[in-house]
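For reference, the chain that follows is the form predicted alone, supplied as C-alpha coordinates.
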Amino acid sequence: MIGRRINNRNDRQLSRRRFLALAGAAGLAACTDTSRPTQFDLGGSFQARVLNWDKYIDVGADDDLFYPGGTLDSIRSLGVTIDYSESYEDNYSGFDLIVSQAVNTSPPEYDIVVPTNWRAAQMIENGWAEPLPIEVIPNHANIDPAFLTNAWDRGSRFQMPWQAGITGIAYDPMLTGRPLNSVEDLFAADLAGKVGFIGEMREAVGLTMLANGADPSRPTLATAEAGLERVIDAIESGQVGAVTFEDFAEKLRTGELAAAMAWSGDTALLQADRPDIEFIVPDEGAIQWFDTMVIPAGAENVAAAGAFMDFVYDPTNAARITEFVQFMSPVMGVQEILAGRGGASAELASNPVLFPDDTARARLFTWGGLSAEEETALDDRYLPFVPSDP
(Lines give C-alpha, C1' and ligand atoms only; values in the text may rest on other atoms or scores of the structure.)
Protein backbone atom coordinates (compact mmCIF):
# COMPACT_ATOMS: atom_id res chain seq x y z
CA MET A 1 0.00 0.00 0.00
CA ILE A 2 1.18 3.49 -0.69
CA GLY A 3 2.80 4.73 2.48
CA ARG A 4 2.25 1.50 4.39
CA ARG A 5 4.98 0.69 6.91
CA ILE A 6 6.94 3.93 6.41
CA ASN A 7 7.33 4.15 10.15
CA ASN A 8 9.42 5.51 12.96
CA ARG A 9 11.68 2.49 13.29
CA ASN A 10 12.38 2.73 17.02
CA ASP A 11 8.76 3.38 18.02
CA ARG A 12 7.56 0.56 15.79
CA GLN A 13 10.01 -1.95 17.24
CA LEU A 14 9.25 -1.02 20.84
CA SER A 15 5.52 -1.33 20.27
CA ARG A 16 5.93 -4.83 18.87
CA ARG A 17 8.20 -5.92 21.68
CA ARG A 18 5.87 -4.59 24.36
CA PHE A 19 2.89 -6.34 22.77
CA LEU A 20 4.63 -9.66 22.28
CA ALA A 21 5.91 -9.61 25.87
CA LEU A 22 8.95 -11.59 24.80
CA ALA A 23 6.78 -14.42 23.50
CA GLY A 24 9.52 -17.01 23.17
CA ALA A 25 10.79 -16.09 19.72
CA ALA A 26 13.95 -18.16 19.94
CA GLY A 27 11.99 -21.29 20.77
CA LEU A 28 9.76 -20.79 17.75
CA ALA A 29 12.72 -20.45 15.40
CA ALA A 30 14.29 -23.56 16.88
CA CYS A 31 11.39 -25.62 15.52
CA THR A 32 12.12 -24.58 11.93
CA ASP A 33 12.31 -27.42 9.42
CA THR A 34 15.83 -27.31 8.01
CA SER A 35 15.56 -30.55 6.06
CA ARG A 36 14.89 -28.88 2.71
CA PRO A 37 17.35 -29.75 -0.04
CA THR A 38 20.24 -27.36 -0.44
CA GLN A 39 20.71 -27.87 -4.18
CA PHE A 40 18.39 -26.73 -6.96
CA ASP A 41 18.22 -27.39 -10.68
CA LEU A 42 17.20 -24.02 -12.09
CA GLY A 43 20.62 -22.40 -12.38
CA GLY A 44 21.80 -19.04 -11.11
CA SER A 45 23.49 -18.31 -7.81
CA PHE A 46 22.13 -19.14 -4.37
CA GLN A 47 21.63 -15.48 -3.48
CA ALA A 48 18.11 -14.09 -3.29
CA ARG A 49 17.87 -10.29 -3.47
CA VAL A 50 14.61 -9.33 -1.77
CA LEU A 51 12.93 -5.90 -1.90
CA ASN A 52 10.22 -5.50 0.75
CA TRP A 53 8.40 -2.84 2.74
CA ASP A 54 9.88 -1.41 5.94
CA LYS A 55 9.37 -3.37 9.18
CA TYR A 56 7.80 -6.40 7.52
CA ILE A 57 10.08 -8.90 9.22
CA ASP A 58 11.85 -9.09 12.57
CA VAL A 59 15.30 -7.51 12.21
CA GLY A 60 16.26 -7.65 15.87
CA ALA A 61 17.41 -4.89 18.18
CA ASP A 62 20.45 -4.16 16.01
CA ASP A 63 18.68 -4.30 12.65
CA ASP A 64 20.23 -7.72 12.03
CA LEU A 65 18.08 -10.05 9.93
CA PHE A 66 20.19 -13.06 10.82
CA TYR A 67 20.63 -12.68 14.57
CA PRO A 68 20.66 -16.02 16.42
CA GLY A 69 17.12 -17.32 16.70
CA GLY A 70 15.82 -14.66 14.32
CA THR A 71 13.29 -15.32 11.58
CA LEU A 72 15.90 -15.74 8.84
CA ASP A 73 18.68 -17.23 10.93
CA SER A 74 18.18 -20.84 9.86
CA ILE A 75 17.79 -20.12 6.14
CA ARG A 76 21.57 -20.19 6.02
CA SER A 77 21.37 -23.95 6.48
CA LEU A 78 19.79 -24.12 3.00
CA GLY A 79 22.89 -22.69 1.43
CA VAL A 80 20.98 -19.56 0.35
CA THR A 81 22.29 -16.04 0.94
CA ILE A 82 19.67 -13.33 1.41
CA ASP A 83 20.35 -9.74 0.40
CA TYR A 84 17.33 -8.08 2.00
CA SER A 85 16.25 -4.47 1.41
CA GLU A 86 13.43 -2.63 3.19
CA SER A 87 13.39 0.23 0.68
CA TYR A 88 10.10 -0.45 -1.12
CA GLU A 89 8.46 2.82 -0.12
CA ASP A 90 5.09 2.71 -1.85
CA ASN A 91 3.16 1.36 -4.81
CA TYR A 92 3.94 4.40 -6.93
CA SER A 93 7.60 5.42 -6.80
CA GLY A 94 8.51 1.93 -5.61
CA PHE A 95 6.60 0.33 -8.44
CA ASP A 96 8.04 2.73 -10.99
CA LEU A 97 11.46 1.40 -9.99
CA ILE A 98 10.31 -2.14 -10.72
CA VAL A 99 8.80 -1.13 -14.06
CA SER A 100 12.00 0.64 -15.04
CA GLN A 101 13.98 -2.49 -14.23
CA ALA A 102 11.55 -4.74 -16.06
CA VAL A 103 11.54 -2.65 -19.21
CA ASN A 104 15.03 -1.16 -19.32
CA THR A 105 17.30 -3.37 -17.22
CA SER A 106 18.48 -6.92 -17.79
CA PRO A 107 18.74 -8.58 -15.40
CA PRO A 108 16.61 -6.76 -12.79
CA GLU A 109 18.21 -5.67 -9.53
CA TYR A 110 15.98 -7.84 -7.34
CA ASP A 111 14.89 -11.47 -7.41
CA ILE A 112 11.79 -10.88 -5.25
CA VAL A 113 9.68 -7.74 -4.90
CA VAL A 114 6.59 -7.35 -2.70
CA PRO A 115 4.01 -4.98 -4.21
CA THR A 116 0.37 -4.87 -3.17
CA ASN A 117 -2.00 -7.26 -4.93
CA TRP A 118 -3.29 -4.81 -7.52
CA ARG A 119 0.24 -3.86 -8.57
CA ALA A 120 1.22 -7.52 -8.74
CA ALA A 121 -1.74 -8.06 -11.07
CA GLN A 122 -0.37 -5.35 -13.36
CA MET A 123 3.08 -6.96 -13.34
CA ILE A 124 1.62 -10.31 -14.36
CA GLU A 125 -0.66 -8.78 -17.01
CA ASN A 126 2.28 -6.95 -18.60
CA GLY A 127 4.65 -9.91 -18.60
CA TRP A 128 6.91 -8.40 -15.93
CA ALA A 129 6.77 -11.46 -13.65
CA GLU A 130 8.42 -14.87 -13.84
CA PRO A 131 6.37 -17.99 -13.21
CA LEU A 132 7.10 -19.36 -9.75
CA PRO A 133 9.56 -22.29 -9.59
CA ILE A 134 6.92 -24.47 -7.94
CA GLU A 135 9.23 -27.49 -8.03
CA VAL A 136 11.43 -25.90 -5.37
CA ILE A 137 8.54 -24.46 -3.33
CA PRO A 138 6.84 -27.48 -1.73
CA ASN A 139 5.35 -25.13 0.87
CA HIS A 140 3.34 -23.54 -1.93
CA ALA A 141 0.77 -26.10 -0.80
CA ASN A 142 0.38 -24.09 2.42
CA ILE A 143 -1.22 -21.06 0.73
CA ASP A 144 -4.60 -20.31 2.25
CA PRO A 145 -7.14 -21.28 -0.46
CA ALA A 146 -8.69 -17.81 -0.15
CA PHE A 147 -5.65 -16.47 -2.02
CA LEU A 148 -5.82 -18.98 -4.88
CA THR A 149 -8.94 -17.66 -6.59
CA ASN A 150 -7.80 -14.26 -7.89
CA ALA A 151 -8.90 -13.95 -11.51
CA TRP A 152 -5.55 -12.39 -12.42
CA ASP A 153 -3.54 -15.35 -11.06
CA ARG A 154 -5.69 -18.38 -10.31
CA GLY A 155 -3.78 -20.98 -8.40
CA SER A 156 -1.12 -18.42 -7.43
CA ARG A 157 1.33 -19.41 -10.16
CA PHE A 158 3.10 -16.04 -10.37
CA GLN A 159 2.97 -14.72 -6.79
CA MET A 160 2.82 -15.81 -3.14
CA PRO A 161 1.21 -13.46 -0.62
CA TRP A 162 3.50 -12.11 2.09
CA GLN A 163 0.92 -10.68 4.50
CA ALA A 164 -2.69 -9.60 4.28
CA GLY A 165 -4.63 -6.97 6.16
CA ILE A 166 -8.02 -5.42 6.61
CA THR A 167 -8.90 -1.80 6.04
CA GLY A 168 -11.79 -1.17 8.40
CA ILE A 169 -12.54 1.53 10.97
CA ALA A 170 -10.67 2.33 14.18
CA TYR A 171 -12.17 4.76 16.65
CA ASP A 172 -11.93 6.20 20.15
CA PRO A 173 -15.29 5.62 21.90
CA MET A 174 -14.64 8.49 24.32
CA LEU A 175 -14.38 10.91 21.40
CA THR A 176 -17.15 9.51 19.23
CA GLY A 177 -19.51 9.27 22.20
CA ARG A 178 -21.09 6.16 20.75
CA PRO A 179 -20.14 2.88 19.12
CA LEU A 180 -19.53 2.96 15.38
CA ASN A 181 -20.90 0.17 13.21
CA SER A 182 -21.10 1.47 9.67
CA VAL A 183 -19.02 3.17 7.00
CA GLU A 184 -21.80 5.76 7.04
CA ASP A 185 -20.64 6.79 10.53
CA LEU A 186 -17.56 8.34 8.92
CA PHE A 187 -19.88 10.75 7.11
CA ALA A 188 -21.91 11.66 10.22
CA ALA A 189 -22.19 15.38 10.98
CA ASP A 190 -21.26 14.97 14.66
CA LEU A 191 -17.80 13.68 13.63
CA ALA A 192 -17.07 16.44 11.11
CA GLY A 193 -13.39 17.32 11.05
CA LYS A 194 -12.48 14.37 13.31
CA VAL A 195 -12.45 11.65 10.66
CA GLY A 196 -9.44 10.19 8.82
CA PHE A 197 -9.60 8.64 5.35
CA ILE A 198 -6.89 6.26 4.18
CA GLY A 199 -4.44 7.53 1.57
CA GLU A 200 -4.79 4.50 -0.69
CA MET A 201 -7.38 5.22 -3.34
CA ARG A 202 -8.64 1.65 -3.77
CA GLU A 203 -9.31 1.30 -0.06
CA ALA A 204 -10.92 4.69 0.52
CA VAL A 205 -13.06 4.32 -2.59
CA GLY A 206 -13.73 0.64 -1.89
CA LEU A 207 -15.07 1.29 1.62
CA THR A 208 -17.21 4.14 0.32
CA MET A 209 -18.51 1.92 -2.46
CA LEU A 210 -19.68 -0.50 0.23
CA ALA A 211 -21.53 2.35 1.92
CA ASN A 212 -23.11 3.12 -1.45
CA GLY A 213 -24.28 -0.48 -1.80
CA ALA A 214 -21.74 -1.32 -4.52
CA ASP A 215 -19.29 -4.23 -4.62
CA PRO A 216 -15.60 -3.18 -4.77
CA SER A 217 -14.60 -6.71 -5.75
CA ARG A 218 -16.56 -6.16 -8.98
CA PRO A 219 -16.19 -2.45 -9.61
CA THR A 220 -17.44 -0.66 -12.67
CA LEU A 221 -16.16 2.74 -13.69
CA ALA A 222 -19.53 4.22 -12.69
CA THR A 223 -19.60 2.70 -9.19
CA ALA A 224 -15.95 3.56 -8.57
CA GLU A 225 -16.42 7.15 -9.73
CA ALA A 226 -19.49 7.50 -7.49
CA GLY A 227 -17.41 6.31 -4.54
CA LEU A 228 -14.56 8.65 -5.41
CA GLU A 229 -16.91 11.63 -5.76
CA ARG A 230 -18.25 11.00 -2.28
CA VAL A 231 -14.72 10.66 -0.87
CA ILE A 232 -13.58 13.91 -2.46
CA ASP A 233 -16.73 15.73 -1.33
CA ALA A 234 -16.09 14.61 2.26
CA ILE A 235 -12.49 15.88 2.10
CA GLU A 236 -13.35 19.21 0.49
CA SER A 237 -16.29 19.85 2.84
CA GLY A 238 -14.13 19.40 5.95
CA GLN A 239 -15.84 16.20 7.07
CA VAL A 240 -12.43 14.54 6.75
CA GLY A 241 -9.83 16.05 9.04
CA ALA A 242 -6.87 14.14 7.61
CA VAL A 243 -5.93 11.78 4.80
CA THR A 244 -3.60 9.32 6.46
CA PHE A 245 -1.42 6.26 6.06
CA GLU A 246 -0.13 4.44 9.14
CA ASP A 247 -0.12 7.82 10.89
CA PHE A 248 -3.86 7.38 11.54
CA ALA A 249 -2.72 5.51 14.67
CA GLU A 250 -0.82 8.47 16.10
CA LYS A 251 -3.68 10.82 15.26
CA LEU A 252 -6.08 8.54 17.15
CA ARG A 253 -3.63 8.28 20.02
CA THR A 254 -3.41 12.05 20.40
CA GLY A 255 -7.11 12.71 19.88
CA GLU A 256 -6.63 14.63 16.64
CA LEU A 257 -9.00 12.09 15.09
CA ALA A 258 -11.97 10.37 16.68
CA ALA A 259 -12.34 7.76 13.93
CA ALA A 260 -10.43 6.69 10.85
CA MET A 261 -10.24 4.25 8.01
CA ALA A 262 -7.57 2.01 9.51
CA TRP A 263 -5.22 -0.89 8.82
CA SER A 264 -5.75 -3.87 11.09
CA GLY A 265 -2.09 -4.54 11.94
CA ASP A 266 -1.25 -0.95 12.80
CA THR A 267 -4.38 -0.78 14.94
CA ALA A 268 -3.32 -3.93 16.82
CA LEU A 269 -0.02 -2.26 17.66
CA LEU A 270 -1.84 0.88 18.79
CA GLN A 271 -4.12 -1.20 21.00
CA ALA A 272 -1.09 -2.52 22.88
CA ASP A 273 -0.86 0.97 24.42
CA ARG A 274 -4.48 2.05 23.92
CA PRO A 275 -6.73 -0.97 24.48
CA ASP A 276 -9.69 1.41 24.52
CA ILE A 277 -9.33 1.98 20.77
CA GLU A 278 -11.83 -0.15 18.87
CA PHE A 279 -11.34 -1.73 15.45
CA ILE A 280 -14.38 -2.89 13.49
CA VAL A 281 -15.33 -4.50 10.23
CA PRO A 282 -18.30 -2.27 9.37
CA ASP A 283 -21.75 -3.72 8.79
CA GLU A 284 -21.31 -3.16 5.05
CA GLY A 285 -17.96 -4.98 5.03
CA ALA A 286 -14.29 -4.01 4.82
CA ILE A 287 -11.44 -4.09 2.32
CA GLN A 288 -8.95 -6.93 2.39
CA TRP A 289 -5.60 -6.34 0.72
CA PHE A 290 -2.40 -8.29 0.54
CA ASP A 291 1.21 -7.58 -0.33
CA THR A 292 2.69 -10.39 -2.36
CA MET A 293 6.05 -11.81 -3.44
CA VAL A 294 6.73 -11.63 -7.18
CA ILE A 295 9.85 -12.65 -9.12
CA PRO A 296 10.53 -9.93 -11.71
CA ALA A 297 10.90 -11.09 -15.29
CA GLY A 298 14.51 -11.85 -16.11
CA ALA A 299 15.59 -12.35 -12.49
CA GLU A 300 18.91 -14.17 -12.29
CA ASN A 301 18.35 -16.15 -9.11
CA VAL A 302 14.97 -17.81 -9.60
CA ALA A 303 15.84 -20.93 -7.62
CA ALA A 304 17.14 -18.95 -4.65
CA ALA A 305 14.00 -16.80 -4.77
CA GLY A 306 11.96 -19.98 -4.64
CA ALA A 307 13.97 -21.19 -1.65
CA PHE A 308 13.22 -17.95 0.20
CA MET A 309 9.51 -18.25 -0.60
CA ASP A 310 9.49 -21.86 0.58
CA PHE A 311 11.25 -20.88 3.81
CA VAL A 312 8.81 -18.14 4.78
CA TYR A 313 5.87 -20.43 3.90
CA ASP A 314 6.98 -23.00 6.44
CA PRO A 315 4.21 -22.48 9.04
CA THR A 316 6.73 -22.17 11.88
CA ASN A 317 8.61 -19.37 10.13
CA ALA A 318 5.35 -17.76 9.03
CA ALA A 319 4.18 -17.78 12.66
CA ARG A 320 7.30 -15.84 13.66
CA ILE A 321 6.49 -13.24 11.03
CA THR A 322 2.87 -13.01 12.20
CA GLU A 323 3.95 -12.44 15.81
CA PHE A 324 6.04 -9.51 14.68
CA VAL A 325 3.87 -7.78 12.08
CA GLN A 326 0.41 -8.74 13.41
CA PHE A 327 -1.21 -8.83 10.01
CA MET A 328 -3.15 -11.77 8.56
CA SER A 329 -0.96 -14.68 7.54
CA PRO A 330 -1.68 -16.30 4.15
CA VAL A 331 -0.02 -19.51 5.38
CA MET A 332 -2.13 -22.40 6.62
CA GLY A 333 -1.07 -23.84 9.95
CA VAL A 334 0.07 -20.57 11.53
CA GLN A 335 -2.97 -20.24 13.80
CA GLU A 336 -2.46 -23.72 15.22
CA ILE A 337 1.23 -23.08 15.93
CA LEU A 338 0.47 -19.82 17.72
CA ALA A 339 -2.33 -21.41 19.73
CA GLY A 340 -0.03 -24.22 20.82
CA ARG A 341 2.56 -21.83 22.17
CA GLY A 342 0.24 -20.28 24.75
CA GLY A 343 0.57 -16.83 26.29
CA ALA A 344 0.72 -13.83 23.98
CA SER A 345 1.04 -16.09 20.93
CA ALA A 346 -2.23 -17.85 21.79
CA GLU A 347 -3.90 -14.45 22.18
CA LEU A 348 -2.91 -13.65 18.61
CA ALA A 349 -4.27 -17.01 17.47
CA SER A 350 -7.68 -16.13 18.93
CA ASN A 351 -7.74 -12.61 17.46
CA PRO A 352 -10.64 -12.51 14.97
CA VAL A 353 -8.98 -9.71 13.01
CA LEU A 354 -5.90 -11.85 12.36
CA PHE A 355 -7.84 -15.08 11.89
CA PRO A 356 -11.39 -14.24 10.80
CA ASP A 357 -13.96 -17.02 10.68
CA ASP A 358 -15.97 -17.85 7.58
CA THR A 359 -18.74 -15.40 8.53
CA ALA A 360 -16.26 -12.57 8.88
CA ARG A 361 -14.44 -13.52 5.68
CA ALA A 362 -17.71 -13.18 3.80
CA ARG A 363 -17.67 -9.46 4.72
CA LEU A 364 -14.16 -8.85 3.34
CA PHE A 365 -13.80 -7.53 -0.19
CA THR A 366 -10.64 -7.39 -2.29
CA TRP A 367 -10.48 -4.65 -4.92
CA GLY A 368 -11.45 -6.26 -8.21
CA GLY A 369 -9.72 -3.87 -10.58
CA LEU A 370 -10.59 -1.78 -13.62
CA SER A 371 -8.58 -1.15 -16.76
CA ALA A 372 -5.16 0.41 -16.29
CA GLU A 373 -6.37 3.62 -17.91
CA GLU A 374 -9.44 3.86 -15.68
CA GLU A 375 -7.50 3.21 -12.50
CA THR A 376 -4.85 5.75 -13.46
CA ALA A 377 -7.58 8.32 -13.97
CA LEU A 378 -9.00 7.57 -10.52
CA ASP A 379 -5.53 7.77 -8.96
CA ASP A 380 -4.89 11.09 -10.66
CA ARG A 381 -8.03 12.54 -9.10
CA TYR A 382 -7.32 11.24 -5.58
CA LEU A 383 -3.57 11.74 -5.25
CA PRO A 384 -3.77 15.56 -4.96
CA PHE A 385 -5.50 15.02 -1.60
CA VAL A 386 -2.88 12.52 -0.39
CA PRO A 387 0.06 13.73 1.73
CA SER A 388 3.26 13.40 -0.28
CA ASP A 389 5.41 12.72 2.78
CA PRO A 390 3.44 10.31 4.96
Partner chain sequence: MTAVSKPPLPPADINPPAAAPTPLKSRALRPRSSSPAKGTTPSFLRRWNVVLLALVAAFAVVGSAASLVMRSASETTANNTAPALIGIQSLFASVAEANTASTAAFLAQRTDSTDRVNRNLYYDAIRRASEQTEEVSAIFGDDPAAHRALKNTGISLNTYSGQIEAARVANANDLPGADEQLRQALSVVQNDVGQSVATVNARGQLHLDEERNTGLILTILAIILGVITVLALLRAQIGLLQRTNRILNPLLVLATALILIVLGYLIIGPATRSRALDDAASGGLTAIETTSDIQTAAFELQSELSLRLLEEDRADLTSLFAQVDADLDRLANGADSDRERAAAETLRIRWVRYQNVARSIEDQADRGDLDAAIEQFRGEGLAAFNGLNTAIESVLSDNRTQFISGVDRAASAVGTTPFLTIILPVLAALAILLAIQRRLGEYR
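Numbering follows the first chain given and starts at 1. Note that this is a predicted model, so its numbers are computed, not measured.
Another form, the form predicted in complex with the partner chain, is not on view; read the next lines as being about it.
- Using a 4.5 Å cut-off to the partner chain in the predicted bound form, not one of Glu89, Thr220 and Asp380 places a heavy atom inside that distance.
- Residue-level contacts in the predicted bound form: of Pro173, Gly298, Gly193, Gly155, one residue has a heavy atom within 4.5 Å of the partner chain, and it is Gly155.
- Between the options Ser106, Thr254, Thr149, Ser237, the residue in contact with the partner chain in the predicted bound form by a heavy atom within 4.5 angstroms is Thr149.
- Residue contact with the partner chain in the predicted bound form: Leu132 places a heavy atom within 4.5 Å of it.
- Of the heavy atoms in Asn117, none are within 4.5 Å of the partner chain in the predicted bound form.
- Contact annotation: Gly177 falls outside 4.5 Å of the partner chain in the predicted bound form, judged by heavy atom distances.
- Proximity of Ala189 to the partner chain in the predicted bound form falls outside the 4.5 Å heavy atom cutoff.
- Of the candidate stretches 226 to 234, 138 to 146, 266 to 274, 244 to 252, only 138 to 146 has residues whose heavy atoms lie within 4.5 Å of the partner chain in the predicted bound form.
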